[in-house]
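Okay, here we've got a single chain as structure tokens, the form predicted on its own, with questions on binding and movement later.
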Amino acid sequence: MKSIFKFSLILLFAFTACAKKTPELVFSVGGAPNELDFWEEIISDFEKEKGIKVRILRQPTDSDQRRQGILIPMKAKIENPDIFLMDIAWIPQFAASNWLLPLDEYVQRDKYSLKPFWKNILDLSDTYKNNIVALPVYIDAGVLYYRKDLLKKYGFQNPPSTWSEFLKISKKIQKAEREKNSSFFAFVWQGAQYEGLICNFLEFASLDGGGFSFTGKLKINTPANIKAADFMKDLINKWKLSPPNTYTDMKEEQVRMFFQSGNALFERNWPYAWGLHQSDNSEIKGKVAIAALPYFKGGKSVSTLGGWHIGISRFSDSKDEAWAFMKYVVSKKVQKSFCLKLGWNPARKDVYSDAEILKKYPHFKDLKNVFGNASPRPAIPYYTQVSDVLQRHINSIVAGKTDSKEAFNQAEFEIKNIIERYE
């Protein structure tokens, strides 16, 4: 018995020693089944190339559930997951909570070039207190889809660059198309009470002074914000260029399906809709193009930045291995494969000039310019609570239930109370 016990101890110590030599990296990622299956392929290739074992921790498709799945171990300060994918909106909270490993030391050690990434995205989304804390894996930004066949039919050479041009084109074409299609509307966009409404609002509020400032004096109730919200309301109620259910039902997929049915001239959506618009069962296949979103005179075109970024846990016991995996995931080879296999928008600029990519996705030449002018939502750790307040009040304005100045004044009051609880 003593011999068996000693032999068991030897095996245990041997196993422990081996485990230390070949640590297992735990990667937390969610998404659709086909996305997770492809992550398994990426991980398999990485293991063969680098000799580092990776265990994938599969999460649901739902974004809130994915966030919760990372919050729990981070709050407990446990080792796993070592590395994870984050929605761009989570980064400020994770960084402020001191959960993300600063990457500057690794970047400098390996002389790792950050030039392939958009500087505005790195500076505004992936940097906290002057330290890089994440890298983008794939990116999104709001774009304007338009029916190029209808613009040509009614004598317009280019999509509108300003909202005044947009109104002129929209009114003319909607009136003409309504003669044979009473269900036709000029513009569909995300106006329901959810996060997509905030993304849309920030794009309308592109004048100087528009948007929300949380540094120094709180700026919510501003003339630029009032103008933007009133314009959104007027698209539905005054000019009737957008469907009456915009503020009740319109989220990404409702907007996408409406436009894809052939019943709209313009659509604000994310780049994911392009492939679906070009599918064989689409009524608008071959009739669509994309452009930067319009802006008010005196402002500029702004797209709300979305997408997913990769970060390393400060509590990981395999930080070097996690950094190796991070570099692999954002390499040109892997970024290109994500694009070809899943249709994702790469985080690297150099992929957008790749001949094979442009052959399959000719619209990427336009996306590259959009991403260069993209801007994230406010980078504050209590953003979720602030967004809930803004969603409620902006939706009330768009629905015509509340005066815009009164609504923003009340939102500002509620947000001040949130800030006081955190500061």
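Each form is matched to the other, and the largest set of C-alpha atoms that superpose within 1.5 Å is called the rigid core. Quick caveat, the model's predicted, so the values are computed rather than measured. So that there is no doubt, residue numbering starts at 1 and follows the sequence shown.
Below, we refer to the form predicted in complex with a small molecule, which is not included among the displayed structures.
Note on the partner interface in the predicted complex: the residue among F212, W163, W270, F231 having a heavy atom within 4.5 angstroms of the small molecule is W270.
Just one of D149, D87, D350, E79 comes within 4.5 Å of the small molecule in the predicted complex, counting any heavy atom, and that one is D87.
Using a 4.5 angstroms heavy atom cutoff to the small molecule in the predicted complex, all of G196, W308 and R377 count as contacting. In the predicted complex, the small molecule lies farther than 4.5 Å from every heavy atom of E177. Shown alone here, Q68 lies farther than 4.5 Å from the small molecule in the predicted complex, counting heavy atoms only. When the small molecule is considered in the predicted complex, T384 lies well away from it, no heavy atom lying within 4.5 Å. Among residues of the shown chain, D317 is not one whose heavy atoms approach the small molecule to within 4.5 Å in the predicted complex. Exactly one of the stretches 98-106, 222-230, 300-308, 166-174 approaches the small molecule in the predicted complex with heavy atoms within 4.5 Å, and it is 300-308. The Cα shift for N345 between the shown form and the other one, taken after rigid core superposition, is smaller than 2 angstroms. With the core held fixed, the Cα of I236 is displaced between the shown form and the other one by less than 2 Å. After superposition on the rigid core, displacement of the C-alpha of I290 between the shown form and the other one stays below 2 Å. Compared with the form shown, the S125-P294 C-alpha separation increases in the predicted complex, the change being 3 Å or greater.
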